[in-house]
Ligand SMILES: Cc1cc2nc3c(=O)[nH]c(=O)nc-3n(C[C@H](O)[C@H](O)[C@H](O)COP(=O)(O)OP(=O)(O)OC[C@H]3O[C@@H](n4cnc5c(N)ncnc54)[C@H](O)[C@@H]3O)c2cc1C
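Starting off, we have a lone chain in the form predicted on its own, written out as structure tokens.
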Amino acid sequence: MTINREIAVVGAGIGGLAVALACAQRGATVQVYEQARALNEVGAGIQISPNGMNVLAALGLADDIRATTMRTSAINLRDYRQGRLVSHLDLLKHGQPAGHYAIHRADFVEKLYQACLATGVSFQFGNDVEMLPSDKRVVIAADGVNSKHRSKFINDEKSTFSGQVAWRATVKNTHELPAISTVHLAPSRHLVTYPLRQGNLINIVAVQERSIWADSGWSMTDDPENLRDAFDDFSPEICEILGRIDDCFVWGLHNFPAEKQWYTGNMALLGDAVHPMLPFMAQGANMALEDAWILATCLARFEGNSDAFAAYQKARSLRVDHVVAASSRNAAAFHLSGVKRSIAHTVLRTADKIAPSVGIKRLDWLYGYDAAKF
């Protein structure tokens, strides 16, 4: 199937680059518009789960990811005070064959960008373009949580602050942490660590419940002392890691209304532009990859834009709603306190002993999905 259309993609993030590549591979003429003057993804890690790896395999990038990135062997849940193990999810023994991988966002964006160039995608950087529905091309708006296109043409309803803020930072992996994603659980807080760049860096994401509002953008810097103060009762190892942070970013986690309409005229929304979600399932990038493949498939399968967009939304909306809801539930589960926390942790420890595969198998609905089979 080919796409006999000209396509304009707004946004050169993960979703925008993935859909540009998927469309170009199907014969479309694709131009990407990015308001930044160059690719400038700052230091942060992302987790690519098996459902995302399935899309990358279809795009021809999975082998490169596997060759240059460490495979995550497990997800550990630990108590914040002394690091006592609460639950161990073995991703090698019980996980999906496609595997979980952690990669530096800048490295991933560069891989997608180079693949786009090799496939004939053209780019305009420094172009804060606002496409109009009257544009003769297909317009795919992948311009993030603060999408101008969503607010202007589809829904201008504002987000609401979730009561949680997040910090992100990276430090050198002097602790030689293994390829495990660890969630350190505390009342009203949690902190995630995992290694990047062949184990040379540790990626840190820390979340705290608080009433003070914070902006939803990713680029606001913060004094690392604020992060250290918020987590100063965590285990000595975590406090030592936080003590080595020189620079960090902070942003507010916001809830967005569910979109009833993902498209209008000849324009469709993709990724965070249409379904922003809390980060507690590590699925933002993976959902954007799935969107990209299915939207490109629909454009190839249907001649009319309206038919293609309607099929795309039908294929994606229920699954995305499920992931958004699961992410919200995790927010509450990670931050339990008192008796509820004690009971939940006891249940998890017991389940690990009795049926160690159950925890990860419960996520087969998420990780076992293959958008490339759509």
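Since the model is a prediction, treat every value here as computed from it, not as a measurement. Numbering starts at 1 and follows the sequence shown.
Keep in mind that the form predicted together with the named molecule is not shown, yet the notes after this line are about it.
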query: In the predicted complex, the residue from A285, L77, A98, L91 that sits within 4.5 Å of the named molecule by heavy atoms; finding: A285
query: Contact residue in the predicted complex, chosen from R228, K111, K148, R137 - any heavy atom within 4.5 Å of the named molecule; finding: K148
query: Which of 233-241, 82-90, 139-147, 295-303 sits within 4.5 Å of the named molecule in the predicted complex, heavy atom basis; finding: 139-147
query: The named molecule contact at D128 in the predicted complex, heavy atom, 4.5 Å; finding: yes
query: Residue contact check: H104 to the named molecule in the predicted complex, 4.5 Å heavy atom; finding: no
query: Partner contact for Q47 in the predicted complex: the named molecule, 4.5 angstroms, heavy atom; finding: yes
query: The named molecule contact in the predicted complex: F334, any heavy atom under 4.5 Å; finding: no
query: Residues from 1-17 in contact with the named molecule (non-hydrogen atom within 4.5 Å) in the predicted complex; finding: V10, G11, A12, G13, I14, G15, G16
